[in-house]
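What follows is a single chain, given as structure tokens, in the form predicted alone.
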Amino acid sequence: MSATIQAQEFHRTEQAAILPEQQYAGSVNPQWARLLKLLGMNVRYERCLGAELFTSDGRRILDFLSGYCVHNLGHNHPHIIEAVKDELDRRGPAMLQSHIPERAGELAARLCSLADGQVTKAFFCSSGSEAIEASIKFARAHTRRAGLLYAEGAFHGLTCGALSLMGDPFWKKGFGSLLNDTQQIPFNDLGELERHLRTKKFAALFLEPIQGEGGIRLPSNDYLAGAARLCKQFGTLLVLDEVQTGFFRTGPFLAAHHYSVAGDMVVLAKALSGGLVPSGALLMTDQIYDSVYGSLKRSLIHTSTFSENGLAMRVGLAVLDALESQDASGRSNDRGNYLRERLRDQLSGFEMIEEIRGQGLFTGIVFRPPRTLSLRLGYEAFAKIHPAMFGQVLVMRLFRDHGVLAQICGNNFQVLKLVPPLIITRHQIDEAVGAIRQVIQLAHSPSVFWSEALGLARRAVNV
């Protein structure tokens, strides 16, 4: 055996002896591995089915996070798996880049029809962030303006253009200059919006119809319709970011449908993937399309390597089939109303609970600082360590002690987000609500919850 082969065999043997989590920490993201270990969430999952996750040590976890609204149909839905297998067995054209992908046309037509507004064309890509980047380019091409408006509390993605449409400095720090000509405005304030639009400097207004990471913030009944009217009046495009709220997550296909509003562009992703094949889409009007792809020479002016690939298009169609066959809209409304009713019933009277809000299965528990002195001291100590500490301890307790996976909102640490798959049952909701009540009851104890949590905080250096 040559020295080279011996060295390769030794390396393989050495690598095999390293635990997967050590490999991840060594070669991918050590700080993420460290955080999961600190929170007791570094478990190994062996099977994920529907709304249930099964770990290698025999635990069953209820998923109330859904991969941040990726798993609207739950994990490993049989119809989606069958579509993937069938497409692979078919051995058809997947990534030719020089043909007409027929399923892309079918998926685009169905998405535009479900959006039920003025959009008629689709650009496919691999993620919501990528679709946001495309919408920035397309808005500027169509309007010949540079300015971009976005709302306080927004979350549109972590690429450079998307970051330019977010106000929270946490996400931007250390990454240098981003896009110029972007402006933050208050969410839900038509007067301030009109003041900016009157300048006619802005190509587009980017809005999540219901803010996700901003804290499950619902607009007033007239805000979105007013924003659409003002945009039309002053020649600014309305871009609706439905990455988290689309695909019946809040009841109708788009959250904007609650308010009878249609966007000039609609951004979709996450649930379009079925949880298996990354996919995103930007829906737009004919007029916007013509501004970008207006000639043969410009037919490839904006594209993406994995755009329209056969596997993603097949999965997208299977997702729509499954959502419609299982009455996703009805289930989202029914289960969402039930979840909020049960939460209000079980959490009323706790002084740190301010509000339960949401639409469909897009729900937030909003916390407030306690009034009781013994609780306030611990709460304020948490806030000094890190603003997210209180929420992360709630998340840790839910996961570790009760087997419920949830998360706080990324731009509002005072809101616990609950976004289970749309196939969740009432029994599973009852189980999760019972667990949440127990954790919140413990948080209102001046000793047990706070003392352990402060010990955790002391171990978290460089948070």
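The numbering used is simple: start at 1 and walk along the sequence shown. Since we're looking at a predicted model, the values are computed, not measured.
Below, we refer to the form predicted together with a small molecule, which is not included among the displayed structures.
- The stretch from 284-292, 153-161, 183-191, 351-359 that comes within 4.5 Å of the small molecule in the predicted complex, counting heavy atoms only, is 153-161.
- Relative to the small molecule in the predicted complex, residues Glu87, Gly274 and Arg314 are all farther than 4.5 Å at every heavy atom.
- Using a 4.5 Å cutoff between non-hydrogen atoms, Ser304 does not count as a contact of the small molecule in the predicted complex.
- Of the heavy atoms in Gly128, some are within 4.5 Å of the small molecule in the predicted complex.
- Heavy atoms of Asp264 never reach within 4.5 Å of the small molecule in the predicted complex, leaving it off the interface.
- Within 4.5 Å of some heavy atom of the small molecule in the predicted complex lies at least one heavy atom of Val243.
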